[in-house]
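Here you get one chain, nothing else, as structure tokens; it is the form predicted on its own.
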């Protein structure tokens, strides 16, 4: 095991494209329960009630669906310089510096071998709640609200790639990520990897692309305080006609209690509760699952449904 770089602090935000903007915005606010921090052109900036930054989801009107870009915040300006130098020296495709947006300052953009665009930034806009959103406890980012599902914070996202090993090398090189768990298929390929840059069990996962698409999104996930929040959410989704794809149930990998739905444009969205599970072990060894072990299903025996392997956004040709 190599020492993690530890220049990268956490997953900051994800830009999600939708070709049904008004319906998607209604889902993420009224049903899913995120708060609107602002609007800018064709984008809405959203956050969960205890996300400290201005936004963790940038929802953008687009001709298709999927992920626009993934933003990670670094630990300092010096860390940003180190990461940029390492990325430029790595040979991966770079887009260079951008000015940022309503939620953060300038950022350095680069791309994985499969078309997903990432950015690293330091200067951020911390959410400053107005009087009607100021929490009773000063150590909370904003007032708790019971609108819809109302998750607490952004947790992770899952991307698709035709070569998970190549994607793993990208994450380790560019972000200094550690692999906490992985799937090794019978043919020798990696079927999936789960990455972290801090002591969370994972902030990004990559699983094998079974379609012919590039740069596709599998899902984006927000976290709840407890499992019961997810059971309540299932009833909220049911009452609002939201497509429940699978769950509530418990993952074998990472032990996360989960529920997956599709928002109106078709992007997969998860609610998750990892309990108190953190990676505190400094010499944690990657847990490897075999193909046979994964075919047994999830932790309590629920079989992984076919669409979980085939559905991603944008749709593959």
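Residue numbers count along the first chain shown, from 1. What you see is a predicted model, and the numbers here were worked out from it, not measured in a lab.
Unshown form predicted together with another copy of the chain; subsequent notes refer to it.
Of the listed positions (269, 57, 253, 70), a single one reaches within 4.5 angstroms of another copy of the chain by any non-hydrogen atom in the predicted complex, namely 253. Here is the short version: of 99, 186, 78, 128, the single residue with a heavy atom within 4.5 Å of another copy of the chain in the predicted complex is 78. For residue 282, a non-hydrogen atom is located within 4.5 Å of another copy of the chain in the predicted complex, even though that partner is not displayed. Within 4.5 Å of some heavy atom of another copy of the chain in the predicted complex lies at least one heavy atom of residue 122. At a distance threshold of 4.5 angstroms between non-hydrogen atoms, residue 193 is out of contact with another copy of the chain in the predicted complex. Though the partner is left out of this view, residue 84 does not reach within 4.5 Å of another copy of the chain in the predicted complex, counting heavy atoms only. Across the proposed site, 36, 164 and 308 without exception lack any heavy atom within 4.5 Å of another copy of the chain in the predicted complex. Note on the interface: of 156-164, 204-212, 220-228, 104-112, the segment with non-hydrogen atoms within 4.5 angstroms of another copy of the chain in the predicted complex is 220-228. Counting a residue when any of its non-hydrogen atoms is within 4.5 Å of another copy of the chain in the predicted complex, the hits in 175-210 run 181, 198, 199, 200.
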